[in-house]
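Only one chain is shown below, in structure tokens, and it's the form predicted alone.
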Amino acid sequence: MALDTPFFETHEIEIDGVTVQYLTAGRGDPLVFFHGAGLIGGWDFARPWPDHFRLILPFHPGWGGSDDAPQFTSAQDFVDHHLAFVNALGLETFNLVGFSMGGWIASCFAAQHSDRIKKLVLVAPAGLRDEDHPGTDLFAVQPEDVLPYLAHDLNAFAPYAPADPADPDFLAGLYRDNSSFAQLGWERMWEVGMERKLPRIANNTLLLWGDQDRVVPFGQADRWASLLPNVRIHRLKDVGHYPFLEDPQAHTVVTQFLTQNNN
């Protein structure tokens, strides 16, 4: 989905033959953000972060201005790609925030490369199988019914929805996002062996979750917390799957966690 991003500087870099678009703003400690499967809402929520960090927003291959990459069919493919990306940018260590699908990728990245990460934030992360609190298979949901799954307060999406729901550019963007996500999540929305991977993450970790999330239920937070060695949970009341759109304080919670010492 094409996004209007005038606030940020736009860059391109080639990683293993894939041209990747990424956005930057601010100075200070690097904060890398792995986005989720849908790009609706843009990056307005991230505008306060450059006051504290050097913010780096890469588009995964298959999203935004990055090339399609049909060869990317596993979280490991994205982990290897993003390792090459941060190496190309010369990032020795950085804070990492991952949302939804991006949380899935971020947790796998951290399990393998915890020495590169200062602190880790997982926002409503996908990727962990929880039979007691199963996630929703959005591929099985009718398109007209998807938005109520994404937000508890549908007004959160009002500024970003097109005037015409049949707008061809909007629909084309949604189709590309969904097609790219299907390469990773069509068979299952969880990572094989994640129970063995998460205990390897020694980093200070924040789980940020809306308690009305219908995509990745808040009930999964306890299972994540039982597997992560050094974690805290922050519950956002009356918030759905897109906390940065629904709760203006969500980015503040992340900033406070990342800037506090010994937390």
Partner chain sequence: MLRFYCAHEMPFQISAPADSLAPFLIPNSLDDGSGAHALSQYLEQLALAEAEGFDAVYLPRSAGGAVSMLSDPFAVAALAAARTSRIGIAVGEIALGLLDPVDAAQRVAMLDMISGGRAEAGITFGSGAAFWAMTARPGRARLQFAEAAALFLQSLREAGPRRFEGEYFMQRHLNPWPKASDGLPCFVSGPGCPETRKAAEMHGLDYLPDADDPERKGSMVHVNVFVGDADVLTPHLEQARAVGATTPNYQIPPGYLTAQQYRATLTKLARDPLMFTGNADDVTGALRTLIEVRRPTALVIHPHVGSMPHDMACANIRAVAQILPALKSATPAFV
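Just so we're clear, the structure is a prediction, and the values are computed from it rather than from any experiment. Residue numbers count along the first chain shown, from 1.
The form predicted in complex with its partner chain is left out here; the points below concern that form.
Looking at 181-189, 83-91, 119-127, 105-113, the stretch with residues near its partner chain in the predicted bound form, meaning non-hydrogen atoms within 4.5 angstroms, turns out to be 181-189. In the predicted bound form, its partner chain stays beyond 4.5 Å of every heavy atom belonging to residue 163.
Residue contact with its partner chain in the predicted bound form: residue 133 places no heavy atom within 4.5 Å of it. Taking the partner from the other structure, its partner chain in the predicted bound form has no heavy atom within 4.5 Å of any heavy atom of residue 76. Its partner chain in the predicted bound form comes within 4.5 Å of no heavy atom belonging to residue 193. Residues of 194-217 include none with a non-hydrogen atom no more than 4.5 angstroms from its partner chain in the predicted bound form.
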